[in-house]
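Single chain ahead, written as structure tokens, the form predicted on its own.
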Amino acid sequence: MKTNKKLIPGNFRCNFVKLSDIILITFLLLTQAFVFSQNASDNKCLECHKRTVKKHILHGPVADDCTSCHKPTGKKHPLEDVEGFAFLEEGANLCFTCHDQEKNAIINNKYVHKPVSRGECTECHEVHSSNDSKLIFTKSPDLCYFCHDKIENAIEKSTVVHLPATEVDGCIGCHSPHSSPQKKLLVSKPKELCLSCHDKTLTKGDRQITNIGKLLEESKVVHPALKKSCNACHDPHASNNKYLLTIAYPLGNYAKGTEENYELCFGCHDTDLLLLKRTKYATEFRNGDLNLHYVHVNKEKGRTCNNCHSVHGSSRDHLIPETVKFGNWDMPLVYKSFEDGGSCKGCHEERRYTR
């Protein structure tokens, strides 16, 4: 039987339409909620996907609702070779729907870890469950070695290894795993980073490592190589040279005065300091035009640079130290600077030079 609309009051007709709309919307919402609940991790998903949550720590969305990341395609699931679900977003964009703080950091930082820039978060992180709180496959340095095998090889084959490079999570003590405003993804400026550990006296076996932070703070003159970074002279990971030096340097008080022996120093300094016997431009340390660096160093039993210069900093001009280690003796080094030259007493009686 047809309803005669003219017999239905206008107000009732409007209310009837609104009521029917509400019923329809409510039905659709309940249906959708039912579909989501059927696909959620706390319902049917885990009946088949138990292996994805077998590890101790669950990714938040997995513990809550699988549909936070996966959406139904409308195709029947499960069926072989049929994709019943798709990702809500692709690649890192899916991760960034929750990890927006990390996204902002990456956008604002100049240097980005390559896997991150390619949107490959799963190169390092497990997406469902892990035995690590950060959902990484394994802790550093082992995780880092999957890509950075050259550093792994250097550490394995080197005679001197920087201790943090071998510690669990040691890599992320110096490097940000995602992005940084600093080159090499350093967590802070290079010099500041080194001094965050070397601001105290460190003990390694029977050897004490000087408090470099305090030394520099108290120094009138700082070695220019240290103004920005320490790795002009030291390898931050591993080396076959003592003190993690990047290039071998003759230890002790004496060495043959050759250019090869002082290659580390000549990375910055001019070789004329060593090679020219007479000069008016290569050095201020001269008597007339006689190069006193040449006199001290360029011979079969030459004096090494650290007999006269501190390698990090000094309270005196030209990085001249107050004492020099000579065997077990801290030999006083009496140096005076004049307008036209200077004088020195220590290895020999006081001798003066004028330019």
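Residue numbers run from 1 along the displayed sequence. The term rigid core refers to the maximal set of C-alpha atoms that superpose within 1.5 Å between the two forms. Nothing here was measured: the structure is a model prediction, and the numbers come from that model.
Below: the form predicted together with a small molecule, not depicted.
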Quiz prompt | residue 287, heavy atom within 4.5 angstroms of the small molecule in the predicted bound form | solution = yes
Exercise. Spell out, yes or no, whether the shortest heavy atom distance between residue 56 and the small molecule in the predicted bound form is within 4.5 Å.
Key: no
Practice problem: Answer with yes or no whether residue 184 is in contact with the small molecule in the predicted bound form, where contact means some heavy atom within 4.5 Å. | Solution: yes
Self-check item: Distance check, residue 74 to the small molecule in the predicted bound form, heavy atom within 4.5 Å
Solution: no
Quiz item: Using a 4.5 Å cut on heavy atoms, which of 154, 276, 136, 255 is close to the small molecule in the predicted bound form?
Solution: 136
Practice problem: Using a rigid core alignment, state whether the CA of residue 81 is displaced by 2 Å or more between the shown form and the other one. | Solution: yes
